[in-house]
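Shown next as structure tokens: one chain only, the form predicted on its own.
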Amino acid sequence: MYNIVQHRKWYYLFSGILILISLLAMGYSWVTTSSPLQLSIDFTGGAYWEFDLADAAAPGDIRDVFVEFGLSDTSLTTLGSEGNRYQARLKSIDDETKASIEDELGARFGGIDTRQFRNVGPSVGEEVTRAAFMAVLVASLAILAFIAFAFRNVPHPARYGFAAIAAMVHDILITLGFVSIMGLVAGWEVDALFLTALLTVIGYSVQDSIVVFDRIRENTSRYRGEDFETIANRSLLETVHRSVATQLNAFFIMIAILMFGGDTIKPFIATMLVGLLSGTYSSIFIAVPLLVSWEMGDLRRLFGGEKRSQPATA
């Protein structure tokens, strides 16, 4: 029987490197932009405007129009392959100012068709941010309570909950790191859809861990003569094919959307894809190995300096 959990130190090292890269990316973003992630108007407040012009124009020429109306901090991006669709992110404006800018853009570039416009106040952004933190906190507490109750008949049920939460935090950090890097290199901004992706990642991460934990619970009573590491590894091997096969179906769909979907939805799908990849990895190589390390006393030896007992020699 191949022993997956035996090599757990290498999994910890690999994950540690990924998390370190994520933290460095967020730290660099914080220093350079005052935020670990590029925040959209959903968090900062402002206006989002997506429009088509009859005549394609350079973003700089269009931005000059906004500057003439005192909106010098407007960010303008070209969308799609046609070359005449744009998105502008600017501070909040009233209907009268918007109509004046529309008239000016239409006069200079042969006409304008507004596809989407929305104003978001700063208070809404603060509310979204607070709701995001509360959602993650409540989800963590609910997961811990649920697992502790569901596994109440096995020794140390809380350890299963903490191992699942550790894997979840692992997935959150790697997903945030990916989004932070994409914000630095490609200008991706996080919006309300990002929260949806993050909560979906949390759900998948915990679900995958619980599937393996549940098999450990069953095998603990079935193979009473085996040590915990062997039981955990056996349970992992019995469930890994199901876990990978289930996730592969979702991966294929998301990759297809990334290849053929619209530009506006790609950051959302890519965030979920990276999060689910991390979740699949962490349920196999982090959650269960962490549980084994805890049960076998690895963590106590690491932090307490206790030495592993040596086998007797003749």
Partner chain sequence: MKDRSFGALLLVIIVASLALLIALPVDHPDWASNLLFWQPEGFRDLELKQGLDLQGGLQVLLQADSVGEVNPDALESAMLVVENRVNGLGVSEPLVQRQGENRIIVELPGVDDPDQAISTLKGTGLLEFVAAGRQAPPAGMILETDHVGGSVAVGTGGVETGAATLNPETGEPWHTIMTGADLKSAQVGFDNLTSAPIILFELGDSGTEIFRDFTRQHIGEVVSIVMDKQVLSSPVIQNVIDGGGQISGQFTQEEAKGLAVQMQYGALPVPLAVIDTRAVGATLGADSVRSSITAGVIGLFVVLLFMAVYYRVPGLMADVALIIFVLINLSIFKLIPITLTLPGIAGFLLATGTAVDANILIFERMKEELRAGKPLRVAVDAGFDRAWTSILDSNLSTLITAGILFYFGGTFGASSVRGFAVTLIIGILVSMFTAVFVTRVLMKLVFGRRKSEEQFAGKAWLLGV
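Residue numbers count along the first chain shown, from 1. Being a predicted model, the structure only gives us computed values, none of them experimental.
Keep in mind that the form predicted in complex with the partner chain is not shown, yet the notes after this line are about it.
Triplet F146, L199 and G203 all within 4.5 Å of the partner chain in the predicted complex via a heavy atom: All three within 4.5 Å in the predicted complex.
Residue among L184, L71, A158, A192 with a heavy atom within 4.5 Å of the partner chain in the predicted complex: Checking each option against the partner chain in the predicted complex, the one that comes within 4.5 Å is A192.
Residue contact check: Q116 to the partner chain in the predicted complex, 4.5 Å heavy atom: Output for Q116 is yes: heavy atoms within 4.5 Å of the partner chain.
Distance check, T264 to the partner chain in the predicted complex, heavy atom within 4.5 Å: Yes, contact at 4.5 Å.
A88, heavy atom within 4.5 angstroms of the partner chain in the predicted complex: Because no heavy atom of A88 falls inside 4.5 Å of the partner chain in the predicted complex, the answer is no.
4.5 Å heavy atom contact, A256 to the partner chain in the predicted complex: Yes, contact at 4.5 Å.
Option from 225-233, 98-106, 173-181, 159-167 whose residues, in the predicted complex, bring a heavy atom within 4.5 Å of the partner chain: Comparing against the partner chain in the predicted complex, the contact stretch is 98-106.
Contacts with the partner chain in the predicted complex, stretch 130-148 (heavy atom within 4.5 Å): A131, A132, M134, A135, V138, A139, A142, I143, F146, in sequence order.
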